[in-house]
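Here you get one chain, nothing else, as structure tokens; it is the form predicted on its own.
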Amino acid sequence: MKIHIIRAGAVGLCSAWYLRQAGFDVTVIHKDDLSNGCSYGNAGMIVPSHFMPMAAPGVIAQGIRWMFNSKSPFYIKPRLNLELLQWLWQFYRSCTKENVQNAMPILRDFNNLSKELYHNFAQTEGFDFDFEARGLLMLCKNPKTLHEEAEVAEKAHELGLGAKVLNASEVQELESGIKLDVEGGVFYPGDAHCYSNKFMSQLKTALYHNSVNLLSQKMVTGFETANGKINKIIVNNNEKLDVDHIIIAAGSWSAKVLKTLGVRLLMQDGKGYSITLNNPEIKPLYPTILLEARVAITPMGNDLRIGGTLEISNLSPKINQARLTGILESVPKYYPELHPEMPQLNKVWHGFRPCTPDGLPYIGRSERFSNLTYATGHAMMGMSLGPATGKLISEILQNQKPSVDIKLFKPERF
């Protein structure tokens, strides 16, 4: 069977990898030159510690407070748009304890599977992407945040995950690479990280050598359908490709692509920014999340990546300098010796994370089209969950039992 995957992010390329391993004829279609997107500029974190969905109690109140701060880590660009209003309504309905409780064990298993698969990639010939299973530090500036994160750590223990609450001196003893100014933190020893750019580049090379067809500069503009089946993909307005089965892994563009099929998919883009410091004189030993600032900092080989912000922008390419300033100004508050300078705007990476209303991805077969499968909506977790999603997609198309329970990921749940 011929499989066409729409878009070459981490989820799309990992799906291509596992489908090809299973013997499928795979083609990946990408709208540009296969060298950008969220999978290239993100924090490269592989995080079993992230077992709570974005839609959780208290998130809306915090989001409203952030909306009035131009440098805050969250912003929704105001606009009268029915799809945004529908998304916000479903997000509001999803911010419940029940949603969190149901999602936590599944997200734990999902992330643990992905970490295991990344470890396998790291031991595969042709892959050397600075994979390190060193853990993750969640750093807190004030006692209230530390108390809240300690409660999350307790939930981690209940789920069988390692988590250690540390005071200021204990955090500094662990993080000996750089001076800290924090109240304390939580250390998750089961997390890992990698140099995402290297992984993506090496995965593309491996796919090419394994006879996966990578089609660049091909914008999907429509489909031809009949009797509940997609027969052709239309690219660049007039070129038609015959298809047997389609994987929609188009990230924040998934809703726009599916709209041409008459399918409504609730999705909003969460724009984020990052800068990469090449060979800095000092850098942390451990990847960290600066909790109050919602900024991620990852040592990647000899480099250091700093990223943050969730800006629902309607796919606007404009870089919001105030929010970028907020990211950079937060760093020395936690690391007094680290003062990243504002780069030229053309040196700033930005990408769009595909956000669903309940914080869970869309993974599974379409109920409307017999030869369409969803693999999208991972928000900030696309890189972390790419391999696990790819394996699930391969299992779904082989009619095997999925390695992780996917009942909460049903695409038509809204």
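It should be emphasised that the depicted structure is a prediction, and the values quoted were computed from it without experimental measurement. One rule holds for the numbers: they count along the sequence shown, beginning at 1.
Beyond what is shown, the protein has a form predicted in complex with a small molecule; the following relates to that form.
The closest non-hydrogen atom of A8 lies within 4.5 Å of the small molecule in the predicted bound form.
Contact annotation for C140: none of its heavy atoms lies within 4.5 Å of the small molecule in the predicted bound form. Although the partner is absent here, W349 is a contact residue: one of its heavy atoms lies within 4.5 angstroms of the small molecule in the predicted bound form. Using a 4.5 angstroms threshold between heavy atoms, A250 counts as touching the small molecule in the predicted bound form. Annotation: in the predicted bound form, residues P48, P361 and G390 none come within 4.5 Å of the small molecule through any heavy atom. Stretch 271-279 is the answer when you ask which of 167-175, 90-98, 202-210, 271-279 has residues with heavy atoms within 4.5 Å of the small molecule in the predicted bound form.
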